[in-house]
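What follows are structure tokens for two forms of the same protein chain, given separately as structure 1 and structure 2.
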Structure 1
């Protein structure tokens, strides 16, 4: 039997890679961005502590309107993804068996064998004026001329929902698989309708998976850059584009750092509010993710 010092050393060696990864790649960069966000340029290469970068966000309508639009669109995308993913996950978890179940999971995973950029370019090929969708609309007589379906909110929402669907299906299916069939049958035996059983039994049981999927999809959506820019064009108005412009285009790193911290604060606040409203704990939710 190992002695306590040896056990502690073994535990430390096991945890050291994870601690280093979290500390060097997550904690320290965020601390540096936080410090940088409070830096004001008072002279060439001379900076002082101040709140000018945050005040700039509130005094410039373009910034806070884009921020609010990003939050609203991200919540909308998350809700639409949940509505689409729930019946798919329910079918995979409760109905599909054997090879059919494996095939459905493979079909959900298949689009992610390529990068997000390639998937987004694929949607551009489908939705552009000379794309497949426009050709089909003209072929069936729904349009008499080429239809441009790109560079609008609908295209952005479509691309974001498509990109988040798998991350909603997996935690939902994981939660629904643990639901005992006898519980559902008891609900019907007691006179419950399908809607009643779904509302009173299935959805409450799947709530940890619902919350986990919503958190993942929301975080991926609010921090997305390629899909809103490519599918939305100049009308995309996504807050990550503002962050990119400050860092890369204007070389205003303190302003970009402030925007990044505001986006982090937004996502953290939405996640906290979601957990509070659903009565779920972060630990239970992470188990389903």
Structure 2
């Protein structure tokens, strides 16, 4: 009983960094933009409480269309990433052995630790009209004119999928790795075909990894800025660009804050929906990754 106050103090000291971190860098800033998003400008340097920033979002088709487009494309990118990454993760987790396995995983990791901008630069150099692909196409005679592959939605999707792959592969491989080989063998032994085993054993087992990977890829995609800006064309706007524009080129912080809140809502809602549909929980899911 004597130790009680001392223990309290220790606990408090241990908790202090976490509380400072979460309080000062996460919670209060979000409260701030929430408050900010409800302030409207009535005159220079005079602001009042109001919903105009949100009204603006709903009444201006431009904004909600961008929003919907971002959401839709992010889901598309997530799905594509999942489909592309699954065979790779399966290979790494269940076929490759020892050194090869470690190598394959490390090779996957490397491009992603190099800056996103370097990767995007690479794609720009490959895809642009004066770029490598166009050059090669002309050199082999497949095209007689320079081909522009950059500045369209396809390029954006390509760049985003590329950027999301690792974050899909790692949780998937982790989940698949934990599947006991004997369970898969039992699946075959009892007469299952490859497809049956994949559908009834491998995929259900990998579900936490799939959900984790999808959540992370979706988050990264929806919140991405550089890739859509640099690869995207004159027709595509990403919602983060709207936030950036409101803050940086319009100096309209309240509007930007409202957009920020909406983006946060969108991502939280889709994550929540994903978890609900697959019956997973956030904590275990993120630990997977």
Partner chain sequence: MNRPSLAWKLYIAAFYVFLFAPLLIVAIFAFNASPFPSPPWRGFTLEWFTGSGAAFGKPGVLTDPVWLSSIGNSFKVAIPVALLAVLVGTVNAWVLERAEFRGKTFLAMMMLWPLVIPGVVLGISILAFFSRLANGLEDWLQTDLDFLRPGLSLVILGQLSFILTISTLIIAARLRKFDRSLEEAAFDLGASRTRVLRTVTLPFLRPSLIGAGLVALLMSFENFNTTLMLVGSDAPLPITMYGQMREGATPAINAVSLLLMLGVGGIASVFALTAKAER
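Positions refer to the first chain, counted from 1. Rigid core (definition): largest C-alpha set, two forms, superposition within 1.5 Å. Since the structure is predicted, the reported quantities are computational estimates derived from the model, not experimental observations.
S.K.: Do you think the form predicted in complex with its partner chain is shown as structure 1, or as structure 2?
M.R.: Answer 2, the form predicted in complex with its partner chain.
S.K.: Superposing on the rigid core, is the Cα displacement of residue 10 between structures 1 and 2 2 Å or more?
M.R.: Yes, because once the rigid core is superposed, the C-alpha of residue 10 moves 2 Å or more between structures 1 and 2.
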